[in-house]
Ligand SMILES: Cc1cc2nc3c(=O)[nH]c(=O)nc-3n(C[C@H](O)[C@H](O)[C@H](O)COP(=O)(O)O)c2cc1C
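There is one chain below, alone, in structure tokens, taken in the form predicted alone.
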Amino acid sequence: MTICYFSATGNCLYVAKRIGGTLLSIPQLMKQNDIEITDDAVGIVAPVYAVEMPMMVKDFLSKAKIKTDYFFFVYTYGMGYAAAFAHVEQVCREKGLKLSYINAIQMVDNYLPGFEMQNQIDTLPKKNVEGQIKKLLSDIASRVETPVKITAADKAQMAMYQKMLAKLILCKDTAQGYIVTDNCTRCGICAKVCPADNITVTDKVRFANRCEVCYACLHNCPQNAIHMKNEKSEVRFRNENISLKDIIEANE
């Protein structure tokens, strides 16, 4: 089994590790000219962005040649996932890839403009993450199939969210609005955890125009020196089972 994952604050990496098999980082795979994955089962683990997958994950699905009898997709989310399942089915259908199974694991949402992070962290015990993962592992082991039918309501919801949030979630220039405070020591961690190679650190931190809006740089900065004008709080998050070294190894 092969698992391809995209992770900024560790939730998806943790789920990928729990599923097991051969783990492949999507940001690292995307640096290859050709991506070919063949296995009896192939899965993707990625966070929900609005009602869809991250831009890089969508690009990965378009680029990769995947051959498998059992293809599955696992989302992580905090608040909800709405028509995100329908979006995966749509993307897979366009690629000619049969989606066998899809699920979503509720965890901590790292979307700083929408959530007060401490509240998200405090509600984590109520989400029974381990119970959700246990069910997920059982489904995958049994090769459970969950067909997704795209309804008219799904299509309307996808169109609405994509129009409303395009400038917030799907904007490659987002990071250029980040604020770097005097707490910055120019350690370079932000550049190492960025999956899009969007950050350079010399005499100052500089952001390019290929941001994935994953917030890895904000949440993993050791000095809490990177901020957004519209963030709900200065509290930051990384999955307790995943180290900073893990994020760097996955995204650098």
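Small disclaimer: the values here were computed from a predicted structure and weren't measured. For every residue, the number given is its place in the sequence shown, counted from 1.
The discussion below concerns the form predicted in complex with the ligand, not included here.
Proximity to the ligand in the predicted complex holds for all of 8, 49 and 77, with the criterion being a heavy atom within 4.5 Å. Contact check for residue 213: a heavy atom falls within 4.5 Å of the ligand in the predicted complex.
The ligand is not drawn, but in the predicted complex it has no heavy atom within 4.5 Å of residue 129. The shortest heavy atom separation between residue 108 and the ligand in the predicted complex is within 4.5 Å. The chain is drawn here without the ligand; in the predicted complex, the stretch among 93 to 101, 78 to 86, 145 to 153, 130 to 138 whose residues come within 4.5 Å of it by any heavy atom is 78 to 86.
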